[in-house]
Ligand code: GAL
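Presented as structure tokens, the chain that follows is alone, the form predicted on its own.
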Amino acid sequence: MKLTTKLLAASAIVSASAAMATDLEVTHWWTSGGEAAAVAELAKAFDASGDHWIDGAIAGSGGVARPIMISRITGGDPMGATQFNHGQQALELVQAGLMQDLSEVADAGHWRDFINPINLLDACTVDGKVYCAPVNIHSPEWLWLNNHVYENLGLPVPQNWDEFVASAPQVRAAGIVPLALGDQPWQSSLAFGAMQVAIAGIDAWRAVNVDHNMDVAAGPEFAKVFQAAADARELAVGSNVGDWNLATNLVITGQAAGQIMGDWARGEFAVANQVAGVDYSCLPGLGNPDVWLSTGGDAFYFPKLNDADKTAAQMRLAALLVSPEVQVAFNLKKGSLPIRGDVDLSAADVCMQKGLSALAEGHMVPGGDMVWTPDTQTQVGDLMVEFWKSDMTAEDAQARWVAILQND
């Protein structure tokens, strides 16, 4: 009952009681082992508060799930709550008047006082009103390595991208795939995005992604990024899997040496009982000592419902998602960072501590969904698919990328 008591105090505009207990369907695309363990924490907390979480998991990536979610909302069959990434993915739904305004819950809970970085809340805000509850901070700029692969080959575990590339011939000669990469468009886009921050550097990244400076996009800093992507394309030959967690499993089982993947990969290592720093290494910023991470992540939106009881339950869930207890329990399992800086994370492992250090130093930049339109993101994703599956040169890919950005 302690959690329920704190929830009621944080959300003065609603009154939860046993008599008001309500079923609420929640859709999301968290279906891997680590993700399922994390979402179970949300469901457990909501059920403990007196309401009931009806799980609406949709198998596949966000690219598969989002069109289904959007179709349901626009087609008159809305769920009680649904996951989207921070940014502009739900903007048209908000503008169409299909999403609940959470401003009263946010004001009553003083969200602006503890959500960090504040651009997470800003990404939920349209015309001064809050439309989503952010639940975590995810960053894609991580290189995950199986330490034992290198130890068994008598090689030092790489500490950065250049060392990883240099070790690849010996890894390949031993019959091990150097770089695991799943066959889904967003995974190649993620790898490219991770390389932007880590290889081009923060100043060049800001020039392109914040200031939309196309001269820098076409220049030498990003030529290095595209060359790194071309190198990675060769290193990934032979991974032959689809889902991202299957690629992570190649690393866990020693069939591949490494993977560029977001910090959510940590949840898969945890489920497999792997120990950070012993069984595997996690290199934020792909090992760049000047680590900068982008603040992507997940948030829950609440479609408008013609049901007063369910609407009240939506508000209770929104308040619950940002509560300290839920933030700790969920993010420790998910591999992500909490959206509030006032929680006890003494149980955080080595990898999570690295992410927390970057956050504490203010070394965070907006995620791609926050700085580019969904259409631009889709076109870049299509380009990355073509690039990674062909012999397109780095120079041609860079030129086409610049042309896409120019039309944003």
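Every value quoted in this text rests on a predicted model; they were computed, and no experiment measured them. The first residue of the shown sequence is 1; numbering continues from there.
Form predicted together with the ligand: not shown, discussed below.
- Contact with the ligand, judged by heavy atoms within 4.5 Å in the predicted complex, is confined among 311-319, 80-88, 169-177, 155-163 to 80-88.
- For the residues Y301, W205, F226, W244, the 4.5 Å heavy atom test against the ligand in the predicted complex is passed only by W244.
- Among the residues G267, P284, G297, G109, the one placing a heavy atom within 4.5 Å of the ligand in the predicted complex is G297.
- The ligand in the predicted complex is approached by E35, whose closest heavy atom lies within 4.5 angstroms of it.
- The closest non-hydrogen atom of K333 lies beyond 4.5 Å of the ligand in the predicted complex.
- When contacts are judged by a 4.5 Å heavy atom cut-off, W53 does not count as touching the ligand in the predicted complex.
- Interface membership of W186, defined by any non-hydrogen atom within 4.5 Å of the ligand in the predicted complex, is confirmed.
- Along 24-59, residues W29, W30, E35 each place a heavy atom within 4.5 Å of the ligand in the predicted complex.
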